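Both blocks below hold the same protein chain, though in two forms, and each is given as structure tokens: structure 1 and structure 2.
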Structure 1
């Protein structure tokens, strides 16, 4: 509902509105680019920009020689933003505290770590730590760092710095994959999170690569009652 500042945004919003309102049902043919060109009195690049964006958002399908059509909704695509934990805690207005629980160096086992994408016998740093919001545990972190990808991590103690921010400033960028699931807290987890045994917890697991090499696998376990992950739909980019 914000005023579109540019013309291609206005075209995008106009067409998006017609689709969302149902005025143009799925399968409806959208005016050809040259028709929209006349309608808005602009060049083809401008309408193309809008239509390309609508196609990327999944609202329309484009077929050469036939035109563009309103897509039938297949899957709900939404953008998930996973923030830095410190930021997340401070956004709640609570003081943040970090605590390292354990750190050891070992080799990747064939079974578990292979599934996480680490090669057999890769040297790994295995870290457990906790993040606090005020006095209460906010989440627990179990992290594996591939020392082949990040050899500098070997000399880090992670006593005061959380592995996440440290990695971000040492491994510049990365592709990532997130998996979200629910588990029942085992005894150790329950104690560390200050919840009852078998309490429901939300687990966010992130695997990160850099230049084809697996860098880190982190598993964040939140008390289920206090944390939720939110994703919002994005028609416009």
Structure 2
């Protein structure tokens, strides 16, 4: 993880990490500005700037005459948009890191992938990876890429680049579908996300097409206490 480049960034990273990791739970009082000034040996203006940014990111609540308190940290994902998870993390003022867990090529199973629109025995790239906010797991990603639609993905390792932004830059998608649901984390999911077994998790499943050909199916699993899904609608005639 890249070291913070300034005291301002160091304060952001330190406080953000304590919140996202759960060390400081919702309702926990953040040290007063004068306490942080002494702790970091900086000006009160620097501390105020960091706390203001954390409040704008939704990580803390600032109450007049009472101090600052940990809010429920929420990253908002727009249902009708496809964007990079890095953007979600950096909007919280935290360093982003990506980790590929596994990658293999296989054929589509007749039953398991039929609902996703993949033809029987379609060649697929099966990828699992994690995204981090600071040192804490932020999201687990399980993705299938249709190699008939994106043959160039076969030569990609995705060791350093997440498949989501890579696909956006390589394939002009024409349609997308989202499914959102809640699950209880099994042991494997709990271990990968750093939560307790049976903890509530939010799952966003997305399918995309290009010219009627299925491109990818991805399942994104987030700790339920740190993610919200937002959609904005406009009336149509």
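By rigid core we mean the largest C-alpha set that fits within 1.5 Å across both forms. Remember, predicted model here, so these are calculated numbers, not experimental data. Positions refer to the first chain, counted from 1.
Q: Sort out for me whether 1 or 2 is the form predicted in complex with the DNA.
A: That would be structure 1, which is the form predicted in complex with the DNA.
Q: Would you say residue 170 moves between the two structures, meaning its CA shifts by 2 Å or more once the core is fitted?
A: The answer is no, as the C-alpha of residue 170 shifts between the two structures by less than 2 Å after core alignment.
Q: When the rigid core is used for the superposition, does residue 45 move between the two structures (threshold: C-alpha shift of 2 Å or more)?
A: Comparing the forms between the two structures, which are aligned on their rigid core, residue 45 does shift its C-alpha by 2 Å or more.
Q: Please state whether residue 179 has a C-alpha shift of 2 Å or more between the two structures, with the rigid core used for the fit.
A: For residue 179, whose C-alpha is compared between the two structures after core superposition, the shift is less than 2 Å.
Q: May I ask for the C-alpha shift of residue 12 between the two structures, in Å, based on superposition of the rigid core?
A: Comparing the two forms, residue 12 shifts 42.7 Å at C-alpha.
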